[in-house]
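Below, in structure tokens: the form predicted on its own, a single chain.
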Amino acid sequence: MQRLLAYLVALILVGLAAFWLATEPARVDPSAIAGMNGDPVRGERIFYLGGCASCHAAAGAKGDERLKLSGGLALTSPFGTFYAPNISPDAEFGIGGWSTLDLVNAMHFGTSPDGRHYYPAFPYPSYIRAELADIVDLKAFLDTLPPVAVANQAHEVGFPFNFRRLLGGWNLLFLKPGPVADASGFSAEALRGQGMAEGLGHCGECHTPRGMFGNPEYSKWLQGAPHPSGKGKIPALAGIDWSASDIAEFLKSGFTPDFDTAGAEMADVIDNTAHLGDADRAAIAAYLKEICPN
């Protein structure tokens, strides 16, 4: 009996060690960005494509106020309520003390500078598809913004979801770094739009339904999803019957083909995509026209 108990304890310890190693927060090799010099001008485009202000600016902020990234937006989910952090260049409360590699690790793998997992309420499962050079440029732009001395609000997450090491297992199961849609037959413009929409644009974070573990259901890519508030549904983008020019115009002005206007969270998205160039919006539209429901 004692021998059996010893074997059982040893098996448990081996299992725990294997789990701990398998769920280690991932990091990008520093050599991958060695020699890259961030360009804040290019980084401004990445800022708007990534929709940073939608979560990290104060609610209702307009104009230059959207560049004060104090955080605070509450993101509700079945797993708890998550609050967007301060990502202004404030050295104490924001990310002013972060290196460029710190931001790359956060956006590609959801890994914090101190080696913890971020929750996927932060859309790193989409941002992992971003080019490293784009993140380097983004950091250069973020460093030009005004620092805001506002402390972060703690997430409201109960057991077991507050045990962040479990997120390493979530990443093993659900983090998908490559393209989502089958790009066979895509035009060059649609391929460019795929990189933007599936990556920094993170369209799938809202417009794709989620499984029981909060994972995107890639088999139902962009086919609409229940609203996290429990009220209503986020519309499907797959199979949208608007023309490509209608989609591009909507991303620029917020006007639908029926002369309605974007509302709720989509109005914040338009505040971002309106800053993109016509070629970017046209590429995203070309990609969305290629996505068909299963």
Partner chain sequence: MRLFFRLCAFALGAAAMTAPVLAQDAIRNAITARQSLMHLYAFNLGQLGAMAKGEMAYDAETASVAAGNLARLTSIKAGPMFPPGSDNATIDKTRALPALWQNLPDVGVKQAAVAKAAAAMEAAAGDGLPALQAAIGPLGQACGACHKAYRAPED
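Numbering follows the first chain given and starts at 1. Just so it is clear, the model here is predicted, and its values are computed rather than measured.
The form predicted in complex with its partner chain is left out here; the points below concern that form.
Contact between Asp246 and its partner chain in the model of the complex is found at the 4.5 Å heavy atom cutoff. Interface residue remark: Ala32 is not counted as part of the site for its partner chain in the model of the complex, having no heavy atom within 4.5 Å. At the 4.5 Å threshold, heavy atoms of Asp241 stay clear of its partner chain in the model of the complex, well away from it. When its partner chain is considered in the model of the complex, Ala236 lies well away from it, no heavy atom lying within 4.5 Å. The candidate spot formed by His227, Phe259 and Asp268 is fully in contact with its partner chain in the model of the complex: every one of the three has a heavy atom within 4.5 Å. For the partner-free chain shown, just Lys62 of 30-63 comes within 4.5 angstroms of its partner chain in the model of the complex, judged by any non-hydrogen atom.
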